[in-house]
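The chain below stands alone and is given as structure tokens, in the form predicted on its own.
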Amino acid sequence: MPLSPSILSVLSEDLLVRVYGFLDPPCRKKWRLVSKEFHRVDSLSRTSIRILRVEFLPALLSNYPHLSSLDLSVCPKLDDDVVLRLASYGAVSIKSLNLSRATALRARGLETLARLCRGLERVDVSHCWGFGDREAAALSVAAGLREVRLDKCLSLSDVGLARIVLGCSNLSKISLKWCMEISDLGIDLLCKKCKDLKSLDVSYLKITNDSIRSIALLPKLEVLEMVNCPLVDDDGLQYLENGCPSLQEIDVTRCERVSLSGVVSIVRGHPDLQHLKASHCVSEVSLSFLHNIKALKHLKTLWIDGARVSDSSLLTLSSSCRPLTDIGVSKCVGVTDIGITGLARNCINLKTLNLACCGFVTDAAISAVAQSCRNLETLKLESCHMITEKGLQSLGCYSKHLQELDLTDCYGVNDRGLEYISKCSNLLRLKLGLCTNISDKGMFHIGSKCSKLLELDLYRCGGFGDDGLAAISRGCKSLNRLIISYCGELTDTGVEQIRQLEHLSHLELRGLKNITGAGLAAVACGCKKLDYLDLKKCENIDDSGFWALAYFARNLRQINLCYCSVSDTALCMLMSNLSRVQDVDLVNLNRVTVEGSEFALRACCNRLKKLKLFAPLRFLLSSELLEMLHARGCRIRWD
């Protein structure tokens, strides 16, 4: 009897493409396995891809002809030779290229990529330790660049920045965070040549007021990030008062020479400012500040963490800035229930509230926030020791949109409190570190009702054990980040249940002395997506666990084995088999010899980017190996 045609066969390609557009990434993976037609729709519709193994790149570029965004940041073996081989396949239509942490890529490879991707508009080379002036000159070949991210390119100087600026004059966004060799000279040239800049990040640079004077001349600048610029003071910020007419967002957090006077000058000159971040530089919220901030009718974000704030000041502030959706008052002296209650009643559209280390805030304030701010999504209450189950009850009743809750070091949180929190069914991130009064009972509530949870932090929560962890593993199937370090009651029985978390990518088991190789083997077998694993001070894991890890955990990129009982053989097998590992901590491995360390490092030296080793090994490992690691762009920290 002939098979009847599938109902899907009557759907046109246009309809299938529209359906495909509504799917999230995990569903799209399943979609392309259904049929050849579905696979073809996926091939024609996909515009972005993240490559894990660079050897598959030519085939993927061929299969997905409409790719515009390519992420190579997790490819462990990306270097100039690989790029030169790719060039033989011809030009590609990539507009966005992520090369973050591609430490082995040098000028020759970068220039090849820039010429290969003719329509390139966005490049990220952040955390590339070897990126210097020659590499900047190579990148400048891509004249159409509009966005460049250069965070922590420590070898980049004003000369290299000048090459990028002169070659890519249409830049609209650039980030120079932690580029410590950049000075006023480079910033001045950038501002003169790139008049279309809309976003600029100069955080942590040792620039002076002269740079701020140059920045103030940018007519289209909308976002200025200058966190922890130690040489900029109030005089520098005064240049901004009459400059940057399009400015909408500024961050002067931890600029130690900036005071309230400088912040006021920014406020005074930009009535359309929407985001003001001045944490840990404003000592006190004064009448002058309150008077000027009234003019900011569109202010949505205000961070004044670390300032002295009275209840009356907070009430005046909130009544003047009713559109606020994000406010940070962590570590603010003087914050009490009166001020927070007034804030909640005035700013009913709040989505993010940071009250960390506000020790005088009690359940009354949290109840007021929960009842008034029904759209609250993020609430940070770290070290608010007066919060108890009563405040959490209000959150459970009214905060139905809550996605992130930080209760770290809130020792008033107990099992009843977790029962109330579990009613926040949209919770995605929950931090309970150092909450010592919770037990398995509380974990049952979280596991049974918070099925959408993505991140859970239980650092040093010594009151819960195997049954609680099993409940979390059964109920929170979407977890991708789990921290259970120093939870001393946990054994193999509980840890083995983690294997049910198929989406888990980040796992911290530090200091769990009761787990053995059997527990680790179960985790390795079940959590195939694991890319970060912390096993520091897990002293009772034997080689059987490490063998299983070497065989099953092929996606691991970062691992901490400090103080573990791994042997020479197991370590060599790990470093050889984990083909994507890039960041390894290997301090105080008592069962590993110098020869074992040498062999293990040789097995993975062509893909390591960061390495932490026991200090005496600096004089015991071969100079050839160390030179090889350095040539590949690996940064070694000797501990």
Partner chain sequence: MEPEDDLCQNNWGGSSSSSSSKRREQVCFTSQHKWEDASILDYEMGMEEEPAFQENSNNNNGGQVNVDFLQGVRAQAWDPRTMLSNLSFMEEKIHELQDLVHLMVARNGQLQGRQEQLVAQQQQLITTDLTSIIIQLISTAGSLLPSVKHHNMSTAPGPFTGSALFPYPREANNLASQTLNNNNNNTCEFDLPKPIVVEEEHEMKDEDDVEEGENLLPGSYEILQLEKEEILAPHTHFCTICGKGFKRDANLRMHMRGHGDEYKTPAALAKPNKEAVPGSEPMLIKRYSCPFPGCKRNKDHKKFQPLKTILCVKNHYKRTHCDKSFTRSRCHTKKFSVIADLKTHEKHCGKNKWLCSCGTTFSRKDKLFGHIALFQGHTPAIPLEETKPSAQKGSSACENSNNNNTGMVGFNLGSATNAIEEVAQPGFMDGKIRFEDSFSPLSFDTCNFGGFHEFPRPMFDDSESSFQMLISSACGFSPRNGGESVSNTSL
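Because the structure is predicted, anything quoted here is derived from the model rather than measured. Residue numbers count along the first chain shown, from 1.
There is another form of this protein, the form predicted together with its partner chain, and it is not shown here; the text below is about that form.
**Q** Can you work out whether its partner chain is within 4.5 angstroms of a heavy atom in all three of H39, R50 and T593 in the predicted bound form?
**A** Each of the three qualifies.
**Q** Counting only non-hydrogen atoms, which stretch in 143-151, 226-234, 163-171, 393-401 is within 4.5 Å of its partner chain in the predicted bound form?
**A** Heavy atoms within 4.5 Å of its partner chain in the predicted bound form occur in 163-171.
**Q** Answer with yes or no whether L589 is in contact with its partner chain in the predicted bound form, where contact means some heavy atom within 4.5 Å.
**A** Because no heavy atom of L589 falls inside 4.5 Å of its partner chain in the predicted bound form, the answer is no.
**Q** With the partner left out of view, is D133 within 4.5 angstroms of its partner chain in the predicted bound form by any non-hydrogen atom?
**A** Yes.
**Q** Find out whether any non-hydrogen atom of A631 is located within 4.5 angstroms of its partner chain in the predicted bound form, and reply yes or no.
**A** The answer is yes: A631 has a heavy atom within 4.5 Å of its partner chain.
**Q** Closest heavy atom of E624 to its partner chain in the predicted bound form, within 4.5 Å or not?
**A** Looking in the predicted bound form, residue contacts with its partner chain include E624, since a heavy atom lies within 4.5 Å.
**Q** Using a 4.5 Å heavy atom cut-off, which residue among W178, Y486, F552, W129 comes into contact with its partner chain in the predicted bound form?
**A** Selected option: F552.
**Q** Can you pick out, from A364, C191, V159, C117, the residue that has a heavy atom within 4.5 Å of its partner chain in the predicted bound form?
**A** Of the candidates A364, C191, V159, C117, V159 is the one lying within 4.5 Å of its partner chain in the predicted bound form.
**Q** For the heavy atom contacts within 4.5 Å of its partner chain in the predicted bound form, list the residues of 520-544 involved, in sequence order.
**A** In sequence order, C525, K528, K529 come within 4.5 Å of the partner.
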